[in-house]
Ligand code: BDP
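Heads up, the chain below is alone and in the form predicted alone; it's given as structure tokens.
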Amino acid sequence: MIYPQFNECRQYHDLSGIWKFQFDPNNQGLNENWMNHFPKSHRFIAVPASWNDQFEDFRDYVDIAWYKTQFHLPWGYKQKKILLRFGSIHYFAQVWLNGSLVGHHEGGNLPFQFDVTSLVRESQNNLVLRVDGALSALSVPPGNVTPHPLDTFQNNTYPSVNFDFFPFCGVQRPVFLLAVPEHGFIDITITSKLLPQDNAQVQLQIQLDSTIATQLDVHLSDLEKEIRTNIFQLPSSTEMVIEVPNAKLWSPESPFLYQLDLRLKQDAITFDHIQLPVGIREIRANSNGLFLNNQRITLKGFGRHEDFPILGRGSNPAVLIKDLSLMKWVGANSFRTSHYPYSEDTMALADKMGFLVIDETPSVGLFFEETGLAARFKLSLDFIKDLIERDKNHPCVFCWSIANEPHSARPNALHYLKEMIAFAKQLDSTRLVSFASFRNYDEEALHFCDLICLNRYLGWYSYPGCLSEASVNLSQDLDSIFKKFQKPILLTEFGADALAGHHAQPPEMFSEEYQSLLIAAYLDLLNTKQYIIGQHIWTLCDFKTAQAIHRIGGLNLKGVFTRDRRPKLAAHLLKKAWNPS
């Protein structure tokens, strides 16, 4: 799915703004034909943004609601194919245009689109959405799951979820009206390969609807000059290799991006045009470490959530800039999209700013009870496919994470995790594949991963307040896992809650001092172990959770910055540790 572009051949119109909105707790909208007769008692809502924090009376509501907006077809769209594109709607969406059902989509974090050419009008168009935010034992991620002794659920929460962040609902990323050529580019896959003597190859696979195209022009350039121009007469192969002499490689220290320009022509007239950034780099891992462009690299970074007051999980460019700028200030070079795919704007900015990214699917809190297992497994595979199709051209993505903390004690978990890893490798053989595990050396599915991602909270959930004892046991734990699997290890989560402004001497749990000491103890230990390839703090900023007795104010307070992005002591500690010069 090509991200919207605006040029002489393609246009887009952002439908974001103030929409009409109606909660539907009694599920009466379908019977009352709200898709054609929207309730006069409606509210107004901002799009994109989660609905939970925009009103004073429905914060914990995670069920059904309806949206409506109106638009006119912009000038110049009439002779094009018209698409409606939704960046993210959580969790299940149905879409009507001018009273006709366009389609539906399940899953709250990846884009989907519909061809509405035959339904759209030149004048007033009515777009109506029915959004069901309820999670169940059949959804991914799951919610409202009955606890079982073999699983390690922490779902004694309100709302009831199978994970430790708030289940924000609604239209959370932009909605675009697209005008694209009827016959043009469908998909583009870009990979790169390093060659001897600083040369490289850029490999292209281009999927076309080329029934009228006679020529494909391919141009690759850097900031100063044209690298290569290829002209292909169609029909012909749409797989090609561009040689790049003296290649400028992409890395966190120098995130150089080439410009790829593709034009489809008929009788020398361009009728479709795509521009894409290209970062040339290679990634590999073995028992000796993680290697970017044949150089060993150590990851420093964070887990993070798309979370901000009032916006919930809604996209906001200013918050995105702030978060990635804070990571740069601290000295981070990487992050994981915990625990779902982040916005496409996030990935594009990570390319430009030079962050290495572990790109994670929404399969958080998976459990492997037989009931509903086939449905959850199919959704998990669908989300792996959709994520890779969306983000495969981003140089920042070096690893796909197929799940976070699966509850994998049940016997059939191993088979399903193995199949998910194999499926990701089948779709993309150029990147690493893993998942984040909270279990010990009994997590047999780690045999199939390219690197081992571990979440550890010794000194917090276990050995609370006892940092010296926690360090000894963590060291033994890491050594035993490496001895068994002989693969590089990245600590993808560790940290401690700290209530901003709470201080204690001697340090105690929930104080800023204790959080800093725990993180410092982990860094000291990790820096002594050759097989450790990185350290990801949990988390960048405090974030909202479902209500629970261990969540003060409905917040996870493990951020080294507050929810409104003010630094705690730990942020200054990390800045010194990660920028020793």
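In this text, all values refer to a predicted model and were calculated from it rather than measured experimentally. The first residue of the shown sequence is 1; numbering continues from there.
What comes next is about the form predicted together with the named molecule, which does not appear here.
Annotated contacts: 61, 105 and 172 are all free of the named molecule in the predicted complex [non-hydrogen atom within 4.5 angstroms]. Residue contact with the named molecule in the predicted complex: residue 538 places a heavy atom within 4.5 Å of it.
Proximity of residue 68 to the named molecule in the predicted complex: non-hydrogen atoms within 4.5 Å are absent; the residue sits far from the partner. Shown alone here, residue 461 lies within 4.5 Å of the named molecule in the predicted complex, counting heavy atoms only. In the predicted complex, the named molecule stays beyond 4.5 Å of every heavy atom belonging to residue 52. Exactly one of the stretches 551 to 559, 37 to 45, 52 to 60, 528 to 536 approaches the named molecule in the predicted complex with heavy atoms within 4.5 Å, and it is 551 to 559. Proximity to the named molecule in the predicted complex, defined as a heavy atom within 4.5 Å, singles out one entry of 359, 164, 344, 351, which is 164. In summary, among the residues 323, 493, 272, 443, the only one with a non-hydrogen atom within 4.5 Å of the named molecule in the predicted complex is 493. Along 26 to 61, not one residue places a heavy atom within 4.5 Å of the named molecule in the predicted complex.
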